[in-house]
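What follows is one chain in structure tokens, specifically the form predicted alone.
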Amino acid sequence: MQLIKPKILLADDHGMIRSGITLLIQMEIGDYSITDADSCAKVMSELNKKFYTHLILDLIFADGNALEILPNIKSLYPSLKILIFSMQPSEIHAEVFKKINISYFLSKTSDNDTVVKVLTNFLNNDKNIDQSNSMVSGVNPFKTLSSRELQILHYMLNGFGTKQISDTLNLKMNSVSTLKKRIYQKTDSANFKALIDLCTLYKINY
């Protein structure tokens, strides 16, 4: 039995998605309190201002990648239930999510019934629904990337140079260069164009 009525923070940088998910939850699941956020900064601000039981979180925002704030969220709000709602293939983040104890992932490409089922289970603190059918099949070369490497990839695909990434993530430039080199090695990409082509093939779009 649900003892505490869910207080939900819904974070996505697209207003139509926030409106759609809010409407779906309130019409199909329950009349719950839902606050929305459109940036990583707004997520942290809202969590600091009010108590929330559940966070529905996209991965990519205009001001950064949610992987940059998830460790802090898990540390500061250990009881907060988190569901990742993203277009990104779930399998490339599986190990990262496992390390920070996030078990809920919902693909934005899921059909309406699946979205309702997963959100219902999530908000009722029931077990997750296996969504292996939404994962990219075969051996995904991005599966072995670490959380930091995925963050670097995000900025590379957005046209950031080494210095910009260094300044944004507060890393030394030689550290960024090393991480970029690892990304190329792990994905077996000879150059940036090959990396872009591989991202397109595996539906990775930052």
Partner chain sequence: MLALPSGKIYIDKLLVDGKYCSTASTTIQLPGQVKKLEIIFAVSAWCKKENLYIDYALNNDQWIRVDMASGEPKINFSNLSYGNYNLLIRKMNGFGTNNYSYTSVAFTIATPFYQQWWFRVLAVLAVAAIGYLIFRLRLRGYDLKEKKLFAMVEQKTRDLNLKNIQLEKNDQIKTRLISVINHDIITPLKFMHYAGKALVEKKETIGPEQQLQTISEITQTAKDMEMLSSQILNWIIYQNPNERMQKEEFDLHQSVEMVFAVLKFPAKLKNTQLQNNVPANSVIYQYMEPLRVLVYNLVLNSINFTKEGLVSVQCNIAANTLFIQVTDSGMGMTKEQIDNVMSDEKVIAAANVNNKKGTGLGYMIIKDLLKMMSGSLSIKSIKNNGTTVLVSLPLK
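Every value quoted in this text rests on a predicted model; they were computed, and no experiment measured them. Numbering follows the first chain given and starts at 1.
Omitted from view is the form predicted in complex with its partner chain, to which the following refers.
Under a 4.5 angstroms non-hydrogen atom cutoff, its partner chain in the model of the complex lacks Arg182 among its neighbouring residues. Although the partner is absent here, Lys186 is not a contact residue: none of its heavy atoms lies within 4.5 angstroms of its partner chain in the model of the complex.
Using a 4.5 angstroms threshold between heavy atoms, Phe142 stays clear of its partner chain in the model of the complex. In the model of the complex, its partner chain sits beyond 4.5 Å of every heavy atom of Asn121.
For the candidate set Asp38, Glu149, Glu68, Glu46, a heavy atom within 4.5 Å of its partner chain in the model of the complex is found for exactly one residue, namely Asp38.
Residues from 108-125 that approach its partner chain in the model of the complex with a non-hydrogen atom closer than or equal to 4.5 Å are Lys108, Thr109, Ser110, Asp111, Asn112, in the order they occur in the chain.
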